[in-house]
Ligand SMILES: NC(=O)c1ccc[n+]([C@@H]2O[C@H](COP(=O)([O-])OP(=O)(O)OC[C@H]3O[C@@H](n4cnc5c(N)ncnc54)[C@H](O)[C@@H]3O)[C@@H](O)[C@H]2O)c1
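Presented as structure tokens, the chain that follows is alone, the form predicted on its own.
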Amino acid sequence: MLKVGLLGAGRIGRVHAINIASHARSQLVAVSDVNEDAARSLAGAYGAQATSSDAILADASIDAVLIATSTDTHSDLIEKATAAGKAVLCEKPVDLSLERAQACLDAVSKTGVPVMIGFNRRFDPNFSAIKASVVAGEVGKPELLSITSFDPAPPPVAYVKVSGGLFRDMMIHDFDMANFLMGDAPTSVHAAGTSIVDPEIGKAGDVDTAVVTLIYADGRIAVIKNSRRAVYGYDQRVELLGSEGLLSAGNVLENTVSKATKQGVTSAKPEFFFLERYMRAYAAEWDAFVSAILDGAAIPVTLQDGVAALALAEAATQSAKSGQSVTLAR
């Protein structure tokens, strides 16, 4: 039984608490948060103890921690947890700074303690099926990838100001998905971003609508489209053209009912947001982490993967500001 401390009792922390507590081979034993009332409430719901992050890290009976705190604390907590010998699952991104994330990777690599980064979309049944098809060679070599990720509505501007920007906060999932499906990192990044959904987002120094083109050493291309506003729901699609065929994954809809009349054919909207769309993925992610720690399986999303996705996010941020492509170090 894996005994787990949860750092962070906010919205995503509550999602993780459900999966930790409901898994047959893990037990939620402690919860911390800067909001002590939130920690007590969440801990009480699962028979865990509300305490401080330092106390969780110092508790020798706790085997692993799940870090669901604000991004600016991730690297520090990863380093402290691994120094204490605790396995880590940390929400994305590793840090807001690529330099700091790389330093974290360097420090953690010396400990040998396993760290997994929470790119939950890899565990979505639809996207993981595409990856399995790619690995099996069912459509030949991947040549052109298109990833669409639209939120139903923009976040509060107060959140935007501390998020690190759309490329680090939102599109980083898609950068990781591109690395995952293409099996390699690109050699150049070109980004275009504007603020047309909410002018206040632009005033805060961020964009809300963006397109990024990734070019690979062998000429392959990936295109990522993000928007903070899709009035019909959470739009999450992937299309991959290979040398011998096409793979695509469409939206998960609110229901499977369709209506066909002489006026036309209609169906339900996409599920509203990420909590509805990716709950199965979060559960599968946690199961993979437990298996890696208890059974010695490979960590499916490494700290290096997290740094690689952040490198693309930083390059895209630079490109969008300069209007020039950014070449990546190999």
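Please read these numbers as outputs of a predicted model, since none were measured by experiment. Residue numbers here begin at 1 and follow the sequence given.
From this point on, the text means the form predicted in complex with the ligand, which you will not see here.
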Legend entry - One residue of R228, H173, K86, R122 in contact with the ligand, assessed in the model of the complex (non-hydrogen atom, 4.5 angstroms): H173
Inset, instruction - Check each of T111, T187, T73, N126 and return the one that places a heavy atom within 4.5 angstroms of the ligand in the model of the complex. - result: T73
Inset, instruction - Can you work out whether the ligand is within 4.5 angstroms of a heavy atom in all three of T69, E91 and Y282 in the model of the complex? - result: yes
Legend entry - S26 within 4.5 Å of the ligand in the model of the complex, heavy atoms: no
Inset, instruction - Although the ligand is absent from this view, report whether D151 comes within 4.5 Å of it in the model of the complex, heavy atoms only. - result: no
Inset, instruction - Please run the contact check for A21 against the ligand in the model of the complex: heavy atoms, 4.5 angstroms, yes or no? - result: no
Inset, instruction - Spell out, yes or no, whether the shortest heavy atom distance between R11 and the ligand in the model of the complex is within 4.5 Å. - result: yes
Legend entry - Heavy atom contact within 4.5 Å of the ligand in the model of the complex, the stretch among 27-35, 41-49, 293-301, 257-265: 27-35
